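Heads up, the chain below is alone and in the form predicted alone; it's given as C-alpha cells.
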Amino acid sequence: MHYNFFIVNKIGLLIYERKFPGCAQLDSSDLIRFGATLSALHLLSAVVTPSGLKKSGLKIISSKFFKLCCFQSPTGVKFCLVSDSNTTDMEKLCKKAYQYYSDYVLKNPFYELDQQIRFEGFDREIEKLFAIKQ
C-alpha cells in the first residue's frame, strides 16, 4: 500500500504531491517542511557516506511502519514514495515516475522548471502507475 508520492526540486521545494486514498492529510506547512527536510537528509547522507563508496545520497529509509524511497534524477530532482514496510520495487516505481515526468512535464512547452506540476496527462500516468482508485 502506498501513502504518498512527492517530487522535490533540486533546491528542496515540493513541486508535486500525490496523496493515496486512506492517507492522512498534510497541510501546506507540513509539505514545505517535508521537502526541505528530505533535501537536507539527502545531502547529509551523501556527505557522511564512508570514503570508497559511491556518494549517492538518501535511497531508502525503512522502519517497521513505513518505507521511504528516494530516487534522484541526474538534474537533482527527487522522486519520493512513502509506502508500507512490505512494499517492494519502490525504486523501480520512482524511476518510472521520472520517465513520465520527462515525457509529460519537461517536454511540455508551457512548463517552466521548478514550477508546481499541474498537468492532467502526468496525473493520469501517476494514477495508473500507482493504481490509484478515485
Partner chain sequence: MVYEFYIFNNVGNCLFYLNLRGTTPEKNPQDKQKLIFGMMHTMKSMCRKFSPQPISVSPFTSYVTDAYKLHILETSSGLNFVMFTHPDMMDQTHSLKWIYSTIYCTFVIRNPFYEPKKPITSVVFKQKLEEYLLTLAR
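Predicted model only: the values in this text are computed from it and were never measured. Numbering follows the first chain given and starts at 1.
Keep in mind the form predicted together with its partner chain is missing from the figure; the text below concerns it.
Participant: What is the one choice in Ser62, Ser73, Asn108, Ser102 with a heavy atom within 4.5 Å of its partner chain in the model of the complex?
Facilitator: That would be Ser62.
Participant: Heavy atoms within 4.5 Å of its partner chain in the model of the complex: does Arg33 have any?
Facilitator: Arg33: contacts its partner chain in the model of the complex.
Participant: I'd like to check something about Asn86: if you look in the model of the complex, is any of its heavy atoms closer than or equal to 4.5 Å to a heavy atom of its partner chain?
Facilitator: Output for Asn86 is no: heavy atoms all beyond 4.5 Å of its partner chain.
Participant: Can you work out whether Ser28 and its partner chain are in contact in the model of the complex, taking contact to mean some heavy atom pair no more than 4.5 Å apart?
Facilitator: Residue-level check for Ser28: no, no contact with its partner chain.
Participant: Since only the chain is shown here, I'm wondering whether Leu58 would be in contact with its partner chain in the model of the complex (any heavy atom pair within 4.5 Å).
Facilitator: Yes, Leu58 sits close enough to its partner chain in the model of the complex that at least one of its heavy atoms falls within 4.5 Å.
Participant: For a quick check, can you give me the residues of 45 to 69 that have a heavy atom within 4.5 Å of its partner chain in the model of the complex?
Facilitator: Contacting residues: Ser45, Val47, Val48, Thr49, Pro50, Ser51, Gly52, Leu53, Lys54, Ser56, Gly57, Leu58, Lys59, Ile60, Ile61, Ser62, Ser63, Lys64, Phe65, Phe66, Leu68.
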